[in-house]
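Coming up is one lone chain in structure tokens, specifically the form predicted alone.
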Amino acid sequence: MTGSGAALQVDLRGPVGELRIRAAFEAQTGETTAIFGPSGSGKTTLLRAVAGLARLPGRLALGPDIWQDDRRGVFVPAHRRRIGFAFQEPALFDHLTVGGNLRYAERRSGAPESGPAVSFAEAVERLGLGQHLERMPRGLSGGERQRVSLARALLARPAALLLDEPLSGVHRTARAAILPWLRALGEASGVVTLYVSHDLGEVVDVAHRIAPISAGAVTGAAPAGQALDQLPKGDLLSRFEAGSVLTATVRFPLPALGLSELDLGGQRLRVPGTERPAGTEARLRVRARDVALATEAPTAISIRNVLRGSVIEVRDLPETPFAEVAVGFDDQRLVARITRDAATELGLEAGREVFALLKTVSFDDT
């Protein structure tokens, strides 16, 4: 899998049935951009248009390669675009074994055999397909078919990887291992990845940037933490689902407790689960409503996670009794939702030192 070293530029607008697509954004090389939104918002339609499997008016380009430019009369068909795609309903060759499907993707790629970012052996191992190589697709479960479809997309060595809910039928434990690997693979290869999902947990684990879509409209792709902070302003999440993404490093698992200890800029976090290997990156979504604040270090409490930081901003939420307080530590940002009354009583303002309290049970199990 070899990247193009250039961004994917998307500018598509047009009706599809009763829905009107209005998409203008860039997906950067070496990054995974998640197109995140509810069912019926146009996610799959948009991805199929990028793939060349459907057509919407506008322009598409991967760096210098123009895939579509209606003003110049250019439209490159899907089979001539350097893409790998895996859709929610896998389309495998039923007359070939699992191994045959994967080898076919390698042969069709036309890329040199030496030095791909992912090898046949790695794709098979990482996606748990070793015991299925001689099986026929019709005998596979839905989750197994999706893992084969994803492996086939990777082995095509694309410049752009288009994934539409590719793990929706895969067990949660397996997804927890696959998503960080996909993210790291894109970084190493320089490939542009578009990842369509309505699952916020998947988005947190895999995305560098998020392009929210609502009623067919996508107006840009922002860094994941920033995008999640802004989501409640739209209709993708209720106002009670605002939150932050924290990136930490796994110190070690604590199997006797069912927890893992993480390092967050020199501060300790304990979170549920023991499957994360030591030394690997963990990305955690924390809901703003699950964060409490104190102006003094608390003692004799059951909450295991206490992070020292400084207030970045205090933002009132109109027509509610609440305020959102952004707290910074290291180079990260955590948002807490508290009452305006509490914010006033604590004297919270930019620069004030605070302690953020996070219950271990409050972490989303992503």
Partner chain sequence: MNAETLWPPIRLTLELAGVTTVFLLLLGTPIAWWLARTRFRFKEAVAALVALPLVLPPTVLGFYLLIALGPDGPGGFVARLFGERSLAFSFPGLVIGSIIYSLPFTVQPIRSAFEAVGDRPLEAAATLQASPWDAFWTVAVPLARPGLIAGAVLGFAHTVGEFGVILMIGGNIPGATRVLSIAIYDHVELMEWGTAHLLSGSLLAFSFVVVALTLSLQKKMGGRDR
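The term rigid core refers to the maximal set of C-alpha atoms that superpose within 1.5 Å between the two forms. Here the structure is a predicted model, which is why all the values come from computation and not from measurement. Positions refer to the first chain, counted from 1.
Below: the form predicted together with the partner chain, not depicted.
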To verify the annotation, which of these, 263, 125, 89, 199, has a non-hydrogen atom within 4.5 Å of the partner chain in the predicted complex? 89
Scan 206, 83, 167, 288 and let me know which has any heavy atom within 4.5 Å of the partner chain in the predicted complex. 83
Partner-proximal stretch of 184-192, 100-108, 263-271, 210-218 relative to the partner chain in the predicted complex, 4.5 angstroms, heavy atom: 100-108
Examine residue 78 and determine whether its closest non-hydrogen atom to the partner chain in the predicted complex is within 4.5 angstroms. yes
Does the partner chain get within 4.5 angstroms of any non-hydrogen atom of residue 141 in the predicted complex? no
Might residue 148 be said to contact the partner chain in the predicted complex, defining contact as any heavy atom within 4.5 Å? no
So in the predicted complex, does residue 71 come within 4.5 Å of the partner chain, heavy atom to heavy atom? no
What residues, if any, in 140-163 have a non-hydrogen atom within 4.5 angstroms of the partner chain in the predicted complex? 145, 152, 156
Shift of residue 250 between the shown form and the other one at or above 2 Å (CA, core fit): yes
Using the form shown as baseline, tell whether residue 167 and residue 283 are closer or farther in Cα-Cα distance in the predicted complex, where the change reaches 3 Å or more. closer
Would one find the Cα atoms of residue 142 and residue 275 closer or farther in the predicted complex than in this form, where their distance changes by 3 Å or more? closer
